[in-house]
Ligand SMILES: C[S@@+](CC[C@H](N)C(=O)[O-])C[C@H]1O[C@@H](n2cnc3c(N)ncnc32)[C@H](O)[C@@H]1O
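Below you'll find only one chain, the form predicted on its own, shown as structure tokens.
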Amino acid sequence: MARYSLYFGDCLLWMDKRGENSIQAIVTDPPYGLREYTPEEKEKLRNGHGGVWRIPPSFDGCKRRPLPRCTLLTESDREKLRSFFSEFARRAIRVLVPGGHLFIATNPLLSHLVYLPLMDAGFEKRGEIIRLVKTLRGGDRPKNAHGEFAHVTVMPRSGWEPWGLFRKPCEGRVQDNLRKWKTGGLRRISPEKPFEDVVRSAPTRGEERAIAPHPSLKPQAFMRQLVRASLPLGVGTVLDPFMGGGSTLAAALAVGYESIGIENDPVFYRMAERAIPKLAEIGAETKPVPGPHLRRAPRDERVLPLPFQP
């Protein structure tokens, strides 16, 4: 029966203490702008005004979700971003087993600042997963000159989200690595159909946001496809160092994989703690089976059995 463990704290410190070659895959949506998840900016987000977060007005009775304005980042912010991902990449490649994959979300404006440090650390870039999804990013006319420049768009309206796909180099041939480490490739959708790099995805459903109201929550329908593909033989542990609302761990739970999540924000940590089993149950064809309750373990570890058989 699959389990997941939750840790409250700094993921870089956690990875420093983790054994080398002990994680089979990393699937994560990091704070790729960094500034938007500082305590000051999160406070402004939770108060609903000011800062780097764009709080769109309600439209037709629907409350639109906030988006970070990455165009507000200064050169100093971008340098901090490069430095942070250099530190992250150095630790990630150490804890991953040879052939282990890293799926990492970003956006078209900042992806190079995330990808280059990973490659400098020794990761092989294996492509990008393109999530086809309509967002509220871009498509606006020049601010305070909408009428004067009615036919001008400052940026294209975004219709996709990039997820970088990286791999720690294999030991020898892929087949050798699969035999020894159970990694090196991606799990196929079926024997006839491979995993593909374009995934059509609707925005996260209201049902899921009600369970985990995190500003960057990704939909289970999308996350389960990535998480399932990350372990080619369905064996190993998936790590999400930036757990947020817990969508990665919920997806791992739903497909029957072992997983670990780390979060340094107490509000998001408690949110994920409550949300993961509920998100994992969405779309489940079988009823939850009885199991032991959440038990507390040393150093803020949280362990919970899979609530239903995959």
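Because the structure is predicted, anything quoted here is derived from the model rather than measured. One rule holds for the numbers: they count along the sequence shown, beginning at 1.
As for the form predicted together with the ligand, it is not shown, yet the points below apply to it.
Relative to the ligand in the predicted complex, residues 164, 201 and 225 are all farther than 4.5 Å at every heavy atom. Residues with any non-hydrogen atom within 4.5 angstroms of the ligand in the predicted complex fall in just one of 89 to 97, 235 to 243, 190 to 198, 123 to 131: 235 to 243. Contact between residue 10 and the ligand in the predicted complex is found at the 4.5 Å heavy atom cutoff.
At the 4.5 Å threshold, heavy atoms of residue 214 reach the ligand in the predicted complex.
With a 4.5 Å cutoff on heavy atoms, residue 277 does not count as touching the ligand in the predicted complex; it lies far away.
Contact check for residue 268: a non-hydrogen atom falls within 4.5 Å of the ligand in the predicted complex. Along 250 to 268, these residues reach a heavy atom to within 4.5 Å of the ligand in the predicted complex: 262, 263, 264, 265, 268.
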